[in-house]
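The form predicted on its own is given below as one chain in C-alpha cells.
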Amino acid sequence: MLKRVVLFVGLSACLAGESDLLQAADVAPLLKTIRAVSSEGKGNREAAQAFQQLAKSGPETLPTLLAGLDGANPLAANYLRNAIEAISDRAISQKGKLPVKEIEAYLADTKHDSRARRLAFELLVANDPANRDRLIPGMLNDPSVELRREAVARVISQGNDEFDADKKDVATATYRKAMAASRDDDQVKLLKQKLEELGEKVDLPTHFGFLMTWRLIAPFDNTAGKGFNVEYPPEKELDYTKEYEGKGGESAKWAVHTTEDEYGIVDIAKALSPFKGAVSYAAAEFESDKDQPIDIRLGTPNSWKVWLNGKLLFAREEYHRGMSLDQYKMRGTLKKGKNTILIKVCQNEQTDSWAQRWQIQLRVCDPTGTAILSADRASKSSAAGAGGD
C-alpha cells in the first residue's frame, strides 16, 4: 500500500464497491472543484465533498487525476494525492488493473509536477515491485530530486561493489558518474570521500555552484536593528571606488575577498572585522551566456536582503537562526551578459559565543540544484577538466 497523508474527512466513503465507481467523464467537474480550493481554505467544504466522490472512481481515472496535480496549490494537491492513493489501494487490493501504460507515460514526461511524477512512480511500483528495478536506472539525471536520489544511490552501491572487488579504475568511473548526477549534500560528501580515497580531486565549489569571490563593505549602523530598513549607499549605487562614513565614524570601503571554504562560506567577521550592531554588503558579478531563470540559494545566520540586478528578491529579518546549505531559495532571471548579485547582511549586538557568526554562503543553480556557473568560470573549469558537473 502507498503511504497515506490522512485528510480530516473520513475515508470510509472511498472504500465503496465497484458498482459505485464513477465514470471517467464524471471526474472533470470534481477535479475542477478541488483545484479551485484556495491555500487559505476558501472552498474547502466543496473540495472535501468532491474528494469523497473522486475517491470512488475507477483506476482508469488515475492519469487524469495525476495531470490535475500539475500547478495545484498544496491544499488541492493534498486532496488529489489522497484520492489517487485511495483509488489505487482499492484497485490493487481487489486484484484490479491500473492503467500502467498511461501512468508510465505521465512519469516519462518530465514537464509534469515533480512530486506528482514521484507519486506516479510509486503507483507503478505498488502495482508491480519489479518496476522499481526497471525504471530507476534511467532516472540518474531526472529533474525529480527524489527519483534522482534513488538512482544515484544505486550507482554508489555499484561503485562500492567494484571497489570491494578491487576494480579501482572501474569504481572511480562509477563514482564519478554518481557525483555528476548527485545533488544531495549527504551523497556528495560520501562520493567526495570515496573519490579522494582513490586519489581523485573533487571540486565542490564548482559542483554546487558556490560564488567564491565577493566585494565586501562594512560597517554601516545597525544599532538596535535599525539598519535593516535603512538604504545605505550600496543600495543606491555600486561604485567600488567610493568610500563612505560608516558606523561610529569608521571608514567603509570596498574590499575584494575570495573564500577558500569548499562550501563557499564567506566569514565577514574575519574578512573585514567582527563589528557588532553593523550592516555589511557583499556584491558579486555573474556573467551569463543567455537569458535564463535561476535559483539563488542562500545560507546565513543573519538578517539579510538579496537583490539581483537591482531588484529585491527577498528579505528576512531574523538573527542567529542557524545556517545550512540551501537555507533560503529565491527565483530570479539572469540577463545575457553581466549580472550583479547584492546581499545585505545585518549583525546584531549579542555577545554570546553562539551569536558571533556573520557569514554568507550563496550558490546559483537550477530547480534541481544543478550548478549554473558564470560564463568565465565555466570556461576555466572546462579547460581544467574539472569534475562534478
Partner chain sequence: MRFQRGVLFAFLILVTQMGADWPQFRGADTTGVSADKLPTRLAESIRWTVDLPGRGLSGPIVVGNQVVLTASSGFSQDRLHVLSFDAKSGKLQWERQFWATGRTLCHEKMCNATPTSASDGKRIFSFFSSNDLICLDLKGNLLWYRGLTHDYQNASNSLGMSSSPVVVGDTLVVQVENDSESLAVGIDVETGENRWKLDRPIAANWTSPLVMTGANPADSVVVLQSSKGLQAVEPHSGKTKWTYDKGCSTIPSATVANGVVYVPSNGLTALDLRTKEGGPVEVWNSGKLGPSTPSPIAIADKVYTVGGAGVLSAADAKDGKSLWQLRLQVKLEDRTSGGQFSATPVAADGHIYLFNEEGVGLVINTAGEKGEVVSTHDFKEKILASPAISNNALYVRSDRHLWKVSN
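All values derive from a computational prediction rather than experimental measurement. Residue numbers count along the first chain shown, from 1. Superpose the two forms; the largest set of C-alphas matching within 1.5 Å is the rigid core.
The form predicted in complex with the partner chain is left out here; the points below concern that form.
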| query | finding |
| --- | --- |
| Triple contact flag S39, N82 and E318 to the partner chain in the predicted bound form, non-hydrogen atom at 4.5 angstroms | yes |
| Per-stretch contact check against the partner chain in the predicted bound form, the hit in 196 to 204, 249 to 257, 287 to 295, 85 to 93 (non-hydrogen atom, 4.5 angstroms) | 85 to 93 |
| In the predicted bound form, D184 touching the partner chain (heavy atom, 4.5 Å) | yes |
| Interface membership of N44, the partner chain in the predicted bound form, 4.5 Å heavy atom rule | yes |
| P274 within 4.5 Å of the partner chain in the predicted bound form, heavy atoms | no |
| In the predicted bound form, A355 touching the partner chain (heavy atom, 4.5 Å) | no |
| Contact residue in the predicted bound form, chosen from G71, G138, P129, P74 - any heavy atom within 4.5 Å of the partner chain | P74 |
| Residue (of T333, T64, Q327, T340) lying close to the partner chain in the predicted bound form, criterion heavy atoms within 4.5 Å | Q327 |
| Stretch 148 to 163: residues contacting the partner chain in the predicted bound form, 4.5 Å heavy atom cut-off | R149 |
| Q53 C-alpha shift between the shown form and the other one of 2 Å or more, rigid core reference | yes |
| Did A91 shift 2 Å or more between the shown form and the other one, C-alpha, core superposed | yes |
| Distance trend in the predicted bound form - C-alpha atoms of S39 and K311, change of 3 Å or more | closer |
